[in-house]
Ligand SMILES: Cc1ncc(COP(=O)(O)O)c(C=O)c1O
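Form predicted on its own, single chain, as structure tokens, below.
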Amino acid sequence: MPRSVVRALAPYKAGTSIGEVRERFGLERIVKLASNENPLGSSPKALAALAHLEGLHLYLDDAHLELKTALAGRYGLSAENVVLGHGSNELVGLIAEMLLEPGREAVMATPSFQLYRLATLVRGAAAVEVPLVEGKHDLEAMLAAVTERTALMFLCDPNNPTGSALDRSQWETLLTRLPSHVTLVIDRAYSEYMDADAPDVTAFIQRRPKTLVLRTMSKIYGLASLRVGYGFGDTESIGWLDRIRLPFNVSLPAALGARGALDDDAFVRRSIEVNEAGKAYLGAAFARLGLRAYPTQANFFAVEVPVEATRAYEALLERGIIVRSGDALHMPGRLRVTIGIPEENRAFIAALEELLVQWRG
């Protein structure tokens, strides 16, 4: 039998796929706004880089020095400050593997990215979950939850699934008061979508040892299927992570696509523009419909609905609109909705408006 902690875990369930909805309802037109993917698709420069793929019969260069140097150079760091992962998900697991064991604790918010809790419990450590307040991190409560047994603090910024982000004064509070024995993990998966005045958290690495910043190529660059995540940190922490990661964890196609995407500034700008326009449209539509949504600095909204979240999710699914039920994200009474292109956003609002008449009637 597996260990007791494994038997107690519920398996992670990803969002509903387009294929599932097509098979279940026989629909042709389906709008997927469930997984915070880039609605514009993938970076053209990433796709162009993949067109030159060759040598798949050979083991790749596991150092990925060119990709690491390109990533680090954007923030005044060196390749030794970078670790690559099979998505940033793998890096969450590696950090937990490096630091957690029975008798240790990890502090995190709830609701937040569910993998923090899973990675903690699998290592036999305690997950100390601190409730959000109005969709935002309660830093005072999180700091109060830290003990001598705390090895890690996970902080998702912007937070998934609420979209909230810390301001500069909150970061200052955290950096000043978090005890030095705690490793701070800042998950910046949605960094590129943030407000222009959002602080560059990679600068915290040089200011505070034991600070790790996670990023991903899955979101703004549209490379979710390639699975490329990366982390910045001090050279000692990165060295430990490199010891325990699996060799060749990032494939040659993934590395080539990621390197190509990094030069695609035009695609990034266009993606941000589309997201900002969609954010404005959906925010105004929610206000017009009398629905409360958390302010967001990501590419999704967490919006209240007047019925059970799963009921709302299922009703939208029947109309070919895929979102995420807040019930699956420990966010009852809300839906998490990815910001899409204009026609996708309009289709979602039209379906929602039709359903609101029924729900409120």
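Position 1 is the first residue in the sequence shown; the rest follow in order. Values in this document were obtained by computation on a predicted structure and should not be read as measured data.
Absent from the display: the form predicted in complex with the named molecule. The rest refers to it.
The three marked residues, T110, G163 and Y294, fail to reach the named molecule in the predicted bound form, with no heavy atom of any inside 4.5 Å. None of A261, L84, I95, C156 but one reaches within 4.5 angstroms of the named molecule in the predicted bound form through a heavy atom, and that residue is C156.
Contact annotation: of the candidates K136, K219, R117, R123, the single residue with a non-hydrogen atom within 4.5 angstroms of the named molecule in the predicted bound form is K219. At the 4.5 Å threshold, heavy atoms of N275 stay clear of the named molecule in the predicted bound form, well away from it. When contacts are judged by a 4.5 Å heavy atom cut-off, T202 does not count as touching the named molecule in the predicted bound form. Interface residue remark: L152 is not counted as part of the site for the named molecule in the predicted bound form, having no heavy atom within 4.5 Å. None of the heavy atoms of R245 is located within 4.5 Å of the named molecule in the predicted bound form. Checking 100 to 108, 123 to 131, 191 to 199, 210 to 218 against the named molecule in the predicted bound form, the stretch whose residues place heavy atoms within 4.5 Å of it is 210 to 218. In the predicted bound form, the named molecule lies within 4.5 angstroms of at least one heavy atom of each of the following residues of 71 to 96: G87, S88, N89, in sequence order.
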